[in-house]
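Take a look at this single chain, the form predicted alone, given in structure tokens.
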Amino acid sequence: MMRALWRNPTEPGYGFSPMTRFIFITGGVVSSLGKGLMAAALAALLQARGYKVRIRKFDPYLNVDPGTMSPYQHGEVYVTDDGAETDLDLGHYERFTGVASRQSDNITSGRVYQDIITKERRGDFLGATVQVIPHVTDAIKHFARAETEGLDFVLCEIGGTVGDIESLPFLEAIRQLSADVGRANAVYIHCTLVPYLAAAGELKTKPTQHSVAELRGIGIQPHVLVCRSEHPLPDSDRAKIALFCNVAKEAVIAALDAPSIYDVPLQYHAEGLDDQVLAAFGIHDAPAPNLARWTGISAALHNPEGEVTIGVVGKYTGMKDAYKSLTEALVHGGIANRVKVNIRWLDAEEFENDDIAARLEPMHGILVPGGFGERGSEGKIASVRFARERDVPFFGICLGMQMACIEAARNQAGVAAAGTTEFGPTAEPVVGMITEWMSAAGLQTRSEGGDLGGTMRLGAYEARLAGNSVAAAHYGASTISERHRHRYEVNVHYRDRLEASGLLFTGMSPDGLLPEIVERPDHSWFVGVQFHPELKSKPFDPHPLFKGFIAAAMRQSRLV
């Protein structure tokens, strides 16, 4: 039976704030316009003016959450402290604002319908006909307004593209919300594409006009238009869009590609996005934003004092969004050390046949990330062995740590048949599935045959660090909290044999049963972690392990 990850927002404990203003963000013409990044940048700009913000994502697909979706379909699954598997845009939200996302910040059509159907079967509707309006739209509205006490702005991003049939209930809900909270407290931003036709030598505004017309037909008049384009938006085109779309010309915001995503807040401020949004709310006396954080990050990115090359040996290297938080955490490590980080994506499957040395020798650091399934596992194990034997800085995350333990067991501890039960029966289960563990909420239990969405150790868990460990030195603490997403654990019964081989268990769960961190003290930098540190890294607060890993790569490259 699937765990309930989403509380019904109509239940007690969900406070609505009458003072909170709402910003609704929609997209048109095509997908992948960067609505999530725009929402994150706008939230950061509002924060820079002293406002308290929160960002939410409405996903129209029928999956209950993205947890069981292929990374090739949906990219990375982002995990919150409270154990929600969410859209990758929530990673952008946290990285730009520092506000920890919660289960209540991401909802899908699947979760809405699941909750409504459960209540209908239970008889909660007292025999009424259950319909999209008002039952589905009411549930969406309750979600948007839940837990908004003390917030100045809530930004709500609607997934998909205007015109998609599956997003209609969400668009109707945000249309209704404007009346519910008062029209002065709701602003709509619409992101569109202004394509450039090389044959004609000009930008075309007609797709934007049609997209806005579609939105207005639903009953939503956008206040601000964000126009993505590969070429600067001439003043004449800006005026044309404003005329046909019934917005002020100053509220037509050009959005060109930026050198880095961390330049986007500065770029949008220069275009006047935050000013126009505040003006739409009737706020004309807001304090000027303090942009020192973002100018500092931009300066560090564009003025590196060297560069390092990190080889990421993974399974989903054909889909970079599958490792979005990992990519950004490596960039953050570079910012902390003022170096450029070049990432080389290496398909672990190819390492089972290719000359691994030729591929890995140019690397200043090797990282084996998390993942699921057997494909490419032997290539990952071979990469661990290369890093260990050649004394190349190594960072293993989740499955990467498990592969490091199997490598040590096979090649150093004399456990030749070492394996993981994730890939099938094994005589030496160095890694295996556990069915119960302790959390802050008490004993957690799972069944091996349970739903895929309900069998993992998810969310934040504490770990206790050995005082003389590399990890403790980087964290500057003896107890840490990190986010997890996995079904299998390193078997603590192999600890003595692995430690005798030189792989030390330097981080453990508070009850001492679950290995969280392994290290090699005789190595230049060799750390494996069962959790996902990349999920908590930010450009203005790089994760200490990524900061340490990049510093080790700098020593490897002889930059320091």
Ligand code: GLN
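All figures in this text were calculated on a predicted structure; none of them were measured in a lab. Position 1 is the first residue in the sequence shown; the rest follow in order.
Omitted from view is the form predicted together with this ligand, to which the following refers.
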Item to complete: Identify, from the list P71, G311, G370, G376, the residue with a heavy atom within 4.5 Å of this ligand in the predicted complex.
Response: G370
Worksheet item: Looking at E214, E250, D263, E422, which has any heavy atom no more than 4.5 Å from this ligand in the predicted complex?
Response: E422
Worksheet item: Quick one: does Y488 come within 4.5 Å of this ligand in the predicted complex, counting heavy atoms only?
Response: yes
Fill in: Distance check, L399 to this ligand in the predicted complex, heavy atom within 4.5 Å
yes
Fill in: Contact of R520 with this ligand in the predicted complex (heavy atom, 4.5 Å)
no
Worksheet entry | Any non-hydrogen atom of H532 within 4.5 angstroms of this ligand in the predicted complex | yes
Discussion item. I need the one stretch from 391-399, 216-224, 321-329, 459-467 whose residues put non-hydrogen atoms within 4.5 angstroms of this ligand in the predicted complex.
Written reply: 391-399
